[in-house]
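Before any questions on how it binds or moves, here is one chain, the form predicted on its own, in structure tokens.
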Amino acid sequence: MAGLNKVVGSYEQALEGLSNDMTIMVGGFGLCGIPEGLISQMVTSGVTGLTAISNNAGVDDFGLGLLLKSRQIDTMIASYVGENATFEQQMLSGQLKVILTPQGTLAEKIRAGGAGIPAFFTATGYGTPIAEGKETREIDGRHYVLEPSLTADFALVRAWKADTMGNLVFRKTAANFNPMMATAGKITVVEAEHIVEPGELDPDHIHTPGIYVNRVIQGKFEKRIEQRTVKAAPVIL
């Protein structure tokens, strides 16, 4: 990178410094909006002992499912097992430590981490196993659980558009977890569908300012569909 230009030319450069036993955040919702190339590079790099924070873990042969298959993830913090049989099998067998977290709580834990808030109270999970071992408090007659925030050594996100200074625009479903994760990593790496020059993005449409972003790489995406649903063809008599 030169000056304020945060674009790197290879996936090796994008993930420079990633090592064993680190905590990573990986953006996306299902298979939508995941940083496909960065995930593949983690598989290639052979890093192990990872703690992965993501809404879910892809499918068996795509997304974070690739890292599970190669046993590179030791702990998974997620809200949904999803369509991943490997995730389910490793969790039930005890091979993988899984911290299942309500989806809204997971999102807020990440947002709080990015905002520098160490913990917050939420009513979600009170009186359930989720609250075991955590501080609880009654406020105005309602019971709450104290949830610690989440941060990561690396936040890996995918943007629809990024400029060379790291300002980001997300699109549709991909905006669910990517923006908040972009703020919560010590090093934030963005895999972008389109990279443009500074000034080409409308300032009013920027979702994440470049101050949060360390590296940007041009991605190549398969954009696989997790559950393909199509309308049946009409019968012509």
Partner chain sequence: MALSREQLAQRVAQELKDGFYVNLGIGIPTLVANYIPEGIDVMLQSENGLLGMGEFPTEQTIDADLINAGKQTVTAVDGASFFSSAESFAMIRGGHVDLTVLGAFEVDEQGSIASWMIPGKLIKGMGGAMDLVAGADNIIVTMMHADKKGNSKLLPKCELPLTGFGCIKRVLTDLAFMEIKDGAFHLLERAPGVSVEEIVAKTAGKLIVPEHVPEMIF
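Residue numbers count along the first chain shown, from 1. Every value quoted in this text rests on a predicted model; they were computed, and no experiment measured them.
As for the form predicted in complex with the partner chain, it is not shown, yet the points below apply to it.
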Look at the stretches 133-141, 148-156, 104-112, 69-77 and give the one with heavy atoms within 4.5 Å of the partner chain in the predicted bound form. 104-112
Can you pick out, from T51, S40, N176, T48, the residue that has a heavy atom within 4.5 Å of the partner chain in the predicted bound form? N176
Exercise: A119 in contact with the partner chain in the predicted bound form, heavy atom 4.5 Å: no
With the partner left out of view, is M91 within 4.5 angstroms of the partner chain in the predicted bound form by any non-hydrogen atom? yes
I'd like to know whether T164 contacts the partner chain in the predicted bound form, with contact meaning heavy atoms within 4.5 angstroms. no
Check whether M180 has any heavy atom within 4.5 Å of a heavy atom of the partner chain in the predicted bound form, and answer yes or no. yes
Indicate whether the candidate residues N56, T124 and T229 are all in contact with the partner chain in the predicted bound form, with contact defined as any heavy atom within 4.5 Å. yes
